[in-house]
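We begin with a single chain expressed as structure tokens, specifically the form predicted on its own.
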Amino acid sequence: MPQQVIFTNAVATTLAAELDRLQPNRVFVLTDENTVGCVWPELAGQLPQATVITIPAGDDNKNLATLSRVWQSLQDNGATRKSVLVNLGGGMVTDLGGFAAATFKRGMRFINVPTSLLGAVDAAVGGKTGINFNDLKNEIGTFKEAETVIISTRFFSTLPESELKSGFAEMLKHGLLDSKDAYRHLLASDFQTADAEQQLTLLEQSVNVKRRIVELDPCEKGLRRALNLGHTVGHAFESLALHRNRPIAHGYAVAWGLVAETVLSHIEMQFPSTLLYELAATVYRIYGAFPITCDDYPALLRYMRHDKKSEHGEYNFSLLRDIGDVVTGHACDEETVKTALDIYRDLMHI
């Protein structure tokens, strides 16, 4: 059964109705230290009996230690397979919370209520759960879909500008995967200044690109790998940043990864150079650049070989022939990847 995704700004009443439908014996709410103060008070009245589990904020806390704390709280408070965990927060919360629920008692039900744009457009939908391990992004995880995902834009006003930009990068990726019309419409829109209902319409269009792909390939055997566009290099940038003890937002990493991988697309698939330059200029204007030198290449290449898309230690990418025309599982040699990183640095004025 396809994952149920509800687009609404009436979050509290929708969540209450979904819990009434599921009839859990206990309700748990997982939040982080930011969400518990900014968002939870708006929903608490609808869930008076819920047990709230609060974890530290930030992707550097998406680890085994935090996961163990969640398991411990579920155990201490009597969670069973008939319970429901509500993951209320950004992508870090829905990733970790989904994995905690998927593995506790061999699987309890959960609902995702993403409160960030990045969480809504990417992490909360599609059934991927996981944590980081040994500086590698999402190294441990599983596929487990939420019972329901409730997507809203009503909480975006609490987000800093950088959080909206982070989510917009995944929307750019979906536009590149969808069509030239969708991509042009997205570039012409001003998501940050749109009101909540206008944002919800744009968000629904973007999320539905991912939903169509996931429904055809839920466990990433083929087509779903298209959604990895920008992520092989992007995850390597994130891992390098973690190693430097200067974490970067996932969406920023994806934006920079999109530039590097469209360079590869141009080299390997003849992706149009005019579109490459346009994307690079857009990314640089919105996100600046992730600073790298040729001295960073060995580490970046090592991270790419460890990427989950690499089956035999090769450098494996999803690349574009054109907007809306994606090729998955394309292997590139080391020298080509280094050349793409050189050109990325030129395009990003590094």
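The first residue of the shown sequence is 1; numbering continues from there. For clarity, a rigid core is taken as the largest C-alpha set superposing within 1.5 Å between two forms. Computed from a prediction, not measured in an experiment: that's the story for all the values here.
This protein has a second form, the form predicted together with a further copy of the same chain, left out of what is shown; the following refers to that one.
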Q) Is residue 106 close enough to a further copy of the same chain in the model of the complex to count, meaning some heavy atom within 4.5 Å? A) yes
**Q.** residue 72: touches a further copy of the same chain in the model of the complex, heavy atom cutoff 4.5 angstroms
**A.** yes
(Q) Please determine whether residue 245 contacts a further copy of the same chain in the model of the complex, using a 4.5 Å cut-off between heavy atoms. (A) no
(Q) With a cut-off of 4.5 Å between heavy atoms, is residue 142 one of the residues that contacts a further copy of the same chain in the model of the complex? (A) yes
Q) Based on heavy atom distances of at most 4.5 Å to a further copy of the same chain in the model of the complex, which listed stretch, 162-170, 73-81, 271-279, 178-186, is the contact stretch? A) 73-81
Q: Note which of 232, 129, 148, 152 lies within 4.5 Å of a further copy of the same chain in the model of the complex, where distance is taken over heavy atoms; exactly one does.
A: 129
Q) Given that a further copy of the same chain is left out here, which of 286, 52, 64, 301 has a heavy atom within 4.5 Å of it in the model of the complex? A) 64
Q: Could you tell me if all three of 99, 134 and 220 have a heavy atom no more than 4.5 Å from a further copy of the same chain in the model of the complex?
A: yes
Q. Looking at a further copy of the same chain in the model of the complex, which residues in 250-275 have at least one heavy atom within 4.5 Å of it?
A. none
**Q.** Shift of residue 235 between this form and the one not shown at or above 2 Å (CA, core fit)
**A.** yes
